[in-house]
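Presented as C-alpha cells, the chain that follows is alone, the form predicted on its own.
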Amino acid sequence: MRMMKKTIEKILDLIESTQRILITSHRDPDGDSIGSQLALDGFLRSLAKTTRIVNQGCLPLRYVFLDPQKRIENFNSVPKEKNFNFKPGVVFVLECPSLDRLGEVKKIVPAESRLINIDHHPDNEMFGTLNYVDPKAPAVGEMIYSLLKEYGFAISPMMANQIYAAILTDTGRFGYSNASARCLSNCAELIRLGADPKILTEKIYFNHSLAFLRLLGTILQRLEVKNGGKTCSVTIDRNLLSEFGVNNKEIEGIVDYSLFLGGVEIGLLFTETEKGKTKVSLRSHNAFDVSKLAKIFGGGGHKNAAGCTLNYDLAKAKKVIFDQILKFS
C-alpha cells in the first residue's frame, strides 16, 4: 500500500509538470475504461491541462450519457492528421495490460512521451514510465478515485457518477468476488458525493430499444449448450443485426445472458464484426479463468470476464474456441 501511495505521488508530480496529455484505453472500451477516462479527464482539465481521449472503437450506447461533452473520440472516425498533430508529453493508458491492446491508437503514442500505466489486470506487462497496477482493485475506476483523493480533489457529482459506473460494471453490479468491503465503502462515499445508483443502473442496464429486445428474443431461442450443460453460447451475425435494425453499439451485455441458464459455468458471445472476423466475449461463474483462454488468441481480461477477436468466420471461430475449452476442462 505504501508503494502504491508513492506511485500515486509520482503520477501527480508528473501531471503538474506536463501540459498536453493524451488519455486512452483498450480497443472497444467498456464501462470501466470509459468511466475512468472521463473522470481522469475532468480532473486534468480542472488543472487547466490540454487533454484528449482517444480510443479505437465505438462508445457503446449504454454509456453515451456519461460523456455529455463528447470528450471520447473514436480513432476510426477521427482524421488521422488531427491525431498526429496532438503531441502529448504524457499518455495515460488505462485498464490495458499491454500496448498492443490499444489497437490503432498505439500509432499515435509518441515514442518520447512518458507513459502512465494504470491497470488492475494481473497480467499487466508493466510498460509504463510509471506503473500504478493493483490486481486487487475491482476496477480502474477505484484506482482513479484513490488518485483524486490523494490529491485532495473535490470530486463533482458528474465525476462521481463516472467512477461509480466504472466500478458498477466491472464488478458485475457488485456480483463478482472482486466487490470487496473497501469497494462498497468507496461506492458509498461516491453516492455521498453525488453518484446516483438508481439512474446509473437504469441507464446502463435497463434502457434498451424495442428492436434490441426483439433481437435478444431471437438470439435466446438459438442458445447453444455444450460440455454437458457447462458451456452456453449465443451468436450474432451481421445479417441478424441488419434484419432487426440494431446498432452494434447496443449489443454489449448480451453475453451475460449466456450465464442465466442453471448449471452453466462458461458463457460466450460470438459476434461477426466483419467478413472473416469474429469477436468473442467470455464470462464464467466458477473458478474457470476465461482470461487465460482469451490470452491464447491475443485477447485478455479478468478471471470471470474477458474477450478476444479471431480472424475467422463464425463457424471456425466457434470450433476453435470450443475445442480449446475442452482442453482446459
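Owing to the predicted nature of the structure, the values given are computational and were not obtained by experimental measurement. Start at 1 with the first residue shown and count on from there.
This next part talks about the form predicted together with a small molecule, which is not shown.
- Residues with any non-hydrogen atom within 4.5 angstroms of the small molecule in the predicted complex fall in just one of 54-62, 281-289, 260-268, 34-42: 281-289.
- Among residues of the shown chain, residue 18 is not one whose heavy atoms approach the small molecule to within 4.5 Å in the predicted complex.
- For residue 308, a non-hydrogen atom is located within 4.5 Å of the small molecule in the predicted complex, even though that partner is not displayed.
- At the 4.5 Å threshold, heavy atoms of residue 298 reach the small molecule in the predicted complex.
- A residue is said to contact a partner when one of its heavy atoms sits within 4.5 Å of a partner heavy atom; residue 114 fails this definition for the small molecule in the predicted complex, lying far away.
- The single contact residue among 230, 121, 106, 71, judged by any heavy atom lying within 4.5 Å of the small molecule in the predicted complex, is 121.
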